[in-house]
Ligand code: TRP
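A lone chain, given as structure tokens: the form predicted on its own.
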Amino acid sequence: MNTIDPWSSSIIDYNKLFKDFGIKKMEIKDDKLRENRLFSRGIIFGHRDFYKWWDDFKSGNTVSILTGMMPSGPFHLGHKMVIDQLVWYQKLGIPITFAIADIEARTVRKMGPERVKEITVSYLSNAFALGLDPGQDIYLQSNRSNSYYKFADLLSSKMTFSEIEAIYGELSPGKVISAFVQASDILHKQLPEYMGKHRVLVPVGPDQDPHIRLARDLADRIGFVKPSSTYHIFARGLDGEKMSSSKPNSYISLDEPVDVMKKKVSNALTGGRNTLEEQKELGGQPEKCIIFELYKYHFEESDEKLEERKRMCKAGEIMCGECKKELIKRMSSWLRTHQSNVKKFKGKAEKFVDDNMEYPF
């Protein structure tokens, strides 16, 4: 069955997303978008109806952003990529809705309530420290309005089980519930008590596209505006394989000690050759290098400087050790500052969770 599993899959063949699932390649048609490195560097690589949403925004029509995270593991650089997008849109004056998928963590990942609370505090503290305004519309799935839950129930009446299976593949009861709660997340801002019908943009990783397709199908059936979406590249793990919360050495957590980060980056996969002489003669391979990806995604603001680093690598003018040393220096400084900011927001995040998260069991 040709499906994507949003709870476990890692997308590698991006061309298949275009060919088999109808995601469109992102083409930069507006200079404003080039100000965001995620667009200018092709990190946001695909979309559904993005320019319908963007044109509405530029025309002064009502638009909004909605995305979220399931609190299931450490807050890492992949999560930062999502928050970076939200902060950029926030600066443009676009209202943000940020959902914490705590119900999904309970029903799909079978996580206990105390662990969900702990991770949620970490996610919110990190998001606020990265620049997400705590005054934006932030909510927990377990504590939204009655209309949100009624909406999820009503949406389930608009699809057959075979249609759901065609989108998601084999499903457990918890995943079926999660799918319709996710659809309610994506569509409920169009309810009259929220913002009414308008274009909503949902920035996600490509593994979440089944939720987007379900919501778009449902929007057609209930007379809502189809949600738009953008898709960002999956950051590879430090070993070059799939990043996984079950493999701590595959990711950089924003909460971990700087010394731990240094060791992980020192051992990360590079695009270097077998010997120093070979590297000077043939040059490095930045397209294979996790260190270069970290510069590209997070730690080099200048496109010109990034291209120069790439050129020097391919020309054999800079060695992997030099690149790692500079990256560790930048990351150490950034991580210390970020963690200091996280501490400032932890109390606010804890209060939000205490006020909004209450499970009967």
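When you see a residue number, it is the position in the sequence shown, counting from 1. The shown structure was predicted, so the numbers you read here are calculated from the model rather than taken from an experiment.
Just so you know, the form predicted together with the ligand exists too; it's not on screen, but the next bit is about it.
Next on the checklist: Is the ligand in the predicted bound form close enough to Gly68, Glu104 and Val202 that every residue in that trio has a heavy atom within 4.5 angstroms of it?
Outcome noted: Yes.
Checklist entry - Counting only non-hydrogen atoms and a 4.5 angstroms cut-off, does Thr270 reach the ligand in the predicted bound form? => result Taking the distances in the predicted bound form, the answer for Thr270 is no, it never comes within 4.5 Å of the ligand.
Next on the checklist: So in the predicted bound form, is the ligand close enough to Gln141 to count as touching (4.5 Å, heavy atoms)?
Outcome noted: Heavy-atom contact with the ligand at 4.5 Å: present for Gln141.
Next on the checklist: How about Ser122 - does it come within 4.5 Å of the ligand in the predicted bound form, if we only consider non-hydrogen atoms?
Outcome noted: Ser122: no contact with the ligand in the predicted bound form.
Item to check | Residue contact check: Ser228 to the ligand in the predicted bound form, 4.5 Å heavy atom | outcome: Judged by the heavy-atom cut-off of 4.5 Å, Ser228 is well away from the ligand in the predicted bound form.
Next on the checklist: Which is the contacting stretch out of 272-280, 185-193, 286-294, 154-162, given heavy atoms within 4.5 Å of the ligand in the predicted bound form?
Outcome noted: Stretch 185-193 is the one.
Next on the checklist: Can you work out which of Gln85, Gln208, Ser253, Ser250 has a heavy atom no more than 4.5 Å from the ligand in the predicted bound form?
Outcome noted: By the 4.5 Å criterion, the partner-contacting residue is Gln208.
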